[in-house]
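Given next, in structure tokens, is a single chain: the form predicted on its own.
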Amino acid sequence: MNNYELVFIIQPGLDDEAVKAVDERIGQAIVNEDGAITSTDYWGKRRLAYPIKNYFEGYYILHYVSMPSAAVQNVERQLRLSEDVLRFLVIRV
């Protein structure tokens, strides 16, 4: 099991319940791959440095995750398929 930092930006047009639903869906993808979220840091709605898909703001969420290295590709695939996620970054700690 390796430790990772996962940061993703969710589009700003969603309400709080929808943001939590997207976050839970990503968390479920991590758990399904035999991973665990050790801690979560909600940064809230912030202005983007440059427009992404014509959005100037986004909800930032940071997860500290422990999961096998083979699971990273599947989690990244789930993030790519989600239309609500603007950008994401997975870094091995």
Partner chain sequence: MSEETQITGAEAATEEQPADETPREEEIVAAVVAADAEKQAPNNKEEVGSRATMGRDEKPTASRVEGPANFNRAKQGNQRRNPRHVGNDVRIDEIDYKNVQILSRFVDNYGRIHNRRKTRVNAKMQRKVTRAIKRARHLALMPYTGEHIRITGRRGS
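Just so it is clear, the model here is predicted, and its values are computed rather than measured. Residue numbers count along the first chain shown, from 1.
Beyond the structure shown, there is the form predicted in complex with the partner chain, which is absent from this document and is the topic of what follows.
- Contact with the partner chain in the predicted bound form holds for none of 14, 53 and 59, as no heavy atom of theirs lies within 4.5 Å.
- The partner chain is not drawn, but in the predicted bound form it has a heavy atom within 4.5 Å of residue 64.
- Using a 4.5 angstroms limit between non-hydrogen atoms, residue 1 is distant from the partner chain in the predicted bound form.
- Not displayed here, the partner chain is kept clear of residue 10 by more than 4.5 Å at the level of heavy atoms in the predicted bound form.
- Among residues of the shown chain, residue 42 is not one whose heavy atoms approach the partner chain to within 4.5 Å in the predicted bound form.
- Contacts between 16-47 and the partner chain, taken as any heavy atom within 4.5 Å in the predicted bound form, involve 43, 46, 47.
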